[in-house]
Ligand code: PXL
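Single chain ahead, written as structure tokens, the form predicted alone.
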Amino acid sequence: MKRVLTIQDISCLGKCSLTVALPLISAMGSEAVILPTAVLSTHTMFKGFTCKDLEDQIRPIADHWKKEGVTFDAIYTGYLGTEEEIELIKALITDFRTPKTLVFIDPAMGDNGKLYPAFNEAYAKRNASLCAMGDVIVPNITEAAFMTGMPYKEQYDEAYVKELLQKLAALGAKTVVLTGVSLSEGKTGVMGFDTEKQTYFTYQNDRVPAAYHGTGDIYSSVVVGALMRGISWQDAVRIAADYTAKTIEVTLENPAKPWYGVDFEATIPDLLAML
């Protein structure tokens, strides 16, 4: 059985980050090992949430694993709260990486042309140095623009997306996948670039008219789980895009429509069928 280490925060209530990654990676047949960077009472779309930073636990936990001889088939990073945390994770990757370890980076830090309130451009550049260590990176257009210094555009063409991919590849990652790419009306999806083969890949599906917290974490977790099953990165990102859209559609049918996350638990059978 493959073993995946996923490093991100955990919200006690709310479907995102580790509460998404753990069940999905497990359901797809890999062992999920977690390293929480912070524990929150709820995710940040709730008002008055509590947050306990766990940055000071990262090094002791990693040291203990090292003494135990623990190894990982994949290291998957999500939301990281500080520049110092990024440096700790870069050191952890260096310590645990082997020639067979997949390093998957989701540089979660912004959307819709803006960084999240806790971050600035210095943080974005530090995240770019983390992406340089990745075998696969999955930024959205906002994150890509901040990491490469390119202007963010809401209206763009394929040439703009390809330029973003080329500049991201120049950071050092082997496979670059840009998420949230819309190349025609009513469609959204991904465009990727394989640096070794120098080839592009595009996948678009129908845009679902809704947005929910945590869907990016679902997408990334499914890509990782698929890669651990030996599925090509092109098929992995296609499956993840279709599954994320499916979970949104199912949630829209729920009379309660939980605004804090999608009903991914109900669609895990659909995910397994896609594999």
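Just count from 1 along the sequence shown to find any residue number. None of the values given here were measured: they were computed from a predicted structure.
The protein also exists as the form predicted in complex with the named molecule; that form is not presented, and the subsequent description refers to it.
**Q** Decide if the three candidate residues D9, Y116 and H213 all line the named molecule in the predicted bound form, where lining means a heavy atom within 4.5 Å.
**A** Yes, because D9, Y116 and H213 each have a heavy atom that approaches the named molecule to within 4.5 Å in the predicted bound form.
**Q** Do S30 and the named molecule come within 4.5 Å of each other in the predicted bound form, heavy atoms counted?
**A** No, no contact at 4.5 Å.
**Q** Report yes if any heavy atom of Q234 sits within 4.5 Å of a heavy atom of the named molecule in the predicted bound form; otherwise report no.
**A** No, Q234 stays farther than 4.5 Å from the named molecule in the predicted bound form.
**Q** Flag Y203 as yes or no: does it have a non-hydrogen atom within 4.5 angstroms of any non-hydrogen atom of the named molecule in the predicted bound form?
**A** No, Y203 is distant from the partner.
**Q** Hey, in the predicted bound form, does Y123 get a heavy atom within 4.5 angstroms of the named molecule?
**A** No, Y123 is distant from the partner.
**Q** With the named molecule left out of view, which of I34, L40, L54, V208 would have a heavy atom within 4.5 Å of it in the predicted bound form?
**A** By the 4.5 Å heavy-atom cutoff, the listed residue in contact is L40.
**Q** Which is the contacting stretch out of 65 to 73, 235 to 243, 214 to 222, 22 to 30, given heavy atoms within 4.5 Å of the named molecule in the predicted bound form?
**A** Among the candidates, contact is made by 214 to 222.
**Q** Can you list, in sequence order, the residues from 63 to 101 that come within 4.5 Å of the named molecule in the predicted bound form, counting heavy atoms only?
**A** The stretch touches the partner through Y79 alone.
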